[in-house]
Ligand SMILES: NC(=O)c1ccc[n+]([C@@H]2O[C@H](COP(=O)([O-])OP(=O)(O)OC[C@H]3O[C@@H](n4cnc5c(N)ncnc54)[C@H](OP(=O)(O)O)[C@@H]3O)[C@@H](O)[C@H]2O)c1
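Presented below, as structure tokens, is a lone chain in the form predicted on its own.
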Amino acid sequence: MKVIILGSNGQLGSEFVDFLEDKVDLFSFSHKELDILNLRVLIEKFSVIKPDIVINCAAYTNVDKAEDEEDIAYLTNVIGARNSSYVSYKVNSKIIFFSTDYIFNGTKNSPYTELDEPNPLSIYGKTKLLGEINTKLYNPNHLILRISWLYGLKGINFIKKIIDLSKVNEAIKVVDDQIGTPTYTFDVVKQTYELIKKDYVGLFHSSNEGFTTWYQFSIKIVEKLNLNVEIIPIKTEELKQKAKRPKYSVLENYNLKLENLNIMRHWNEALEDFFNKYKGKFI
């Protein structure tokens, strides 16, 4: 099996590289090595490799910055998704795209399934939803996985932010009124690989099980890493963030469960595994 990974230096892309390198014939490209906005080059590269699977991990993920950089977010998350999907179709490949819990507005107060209507609050959420649409539109052989509150060894994530802030602050303010599910990159990759092996197509929610708040999540991080910092709970409004976030964005892996495909662990178990494996790399 030939697999192309786009955005291979990012948080999710790097996890795919580590997981797949001894399982498939792997071709991984960072943004600098292969720009998904350059359609001509993309066609040339895909035509030479002739991949079976294209995993699109290239994404603009800065939620607040996207409010001021709408065009840049749109180019990467929407036009880039279109290009990747279209070119994968031209070479008869499956395209895989990763979306987000932020396509929902958070007013449901119970876990969102694939049957719920998206209604994003932010530019980031809107561009990821449009990326989903373009992925489906240009290649019927597609897999779209929605994930939430992602963390891993590489890239920027909440765990690293808490660690960095703890080095220069005696106390950190964290919101306690946004509810979601921290999700480990390794679990997303493993779940995706199972879907690839079984040749599934369509839309799947693929987050770890259970839910928590950012405040409770940060308490776990501080405890696990023995960080010398106080965590102070605050309300979302106190942060005055540029982009609106859904207050409740828990994803139910409904389609995975319907077809007995769900292997996503509880977020507590996944976090424990993550720290057991990587704790020494952070402190």
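Note that residue numbering begins at 1 and tracks the sequence as displayed. Only a predicted model underlies this, so the values are computations on that prediction, with no experimental measurement involved.
One more form of this protein, predicted in complex with this ligand, exists but is not displayed; see below.
At the 4.5 Å threshold, heavy atoms of N9 reach this ligand in the predicted complex. Under a 4.5 angstroms non-hydrogen atom cutoff, this ligand in the predicted complex has D35 among its neighbouring residues. Proximity of Y124 to this ligand in the predicted complex: non-hydrogen atoms within 4.5 Å are present. Not displayed here, this ligand is approached by F98 to within 4.5 Å at the level of heavy atoms in the predicted complex. Checked against this ligand in the predicted complex, the candidates A66, V250, C57, V54 yield a single residue with a heavy atom inside 4.5 Å, and that residue is C57. Exactly one listed residue, out of T76, N139, T192, N208, brings a non-hydrogen atom to within 4.5 Å of this ligand in the predicted complex: T76. Exactly one of the stretches 198-206, 140-148, 106-114, 166-174 approaches this ligand in the predicted complex with heavy atoms within 4.5 Å, and it is 140-148. Shown here without its partner, the chain carries K45, K94 and T135, none of which come within 4.5 Å of this ligand in the predicted complex through any heavy atom.
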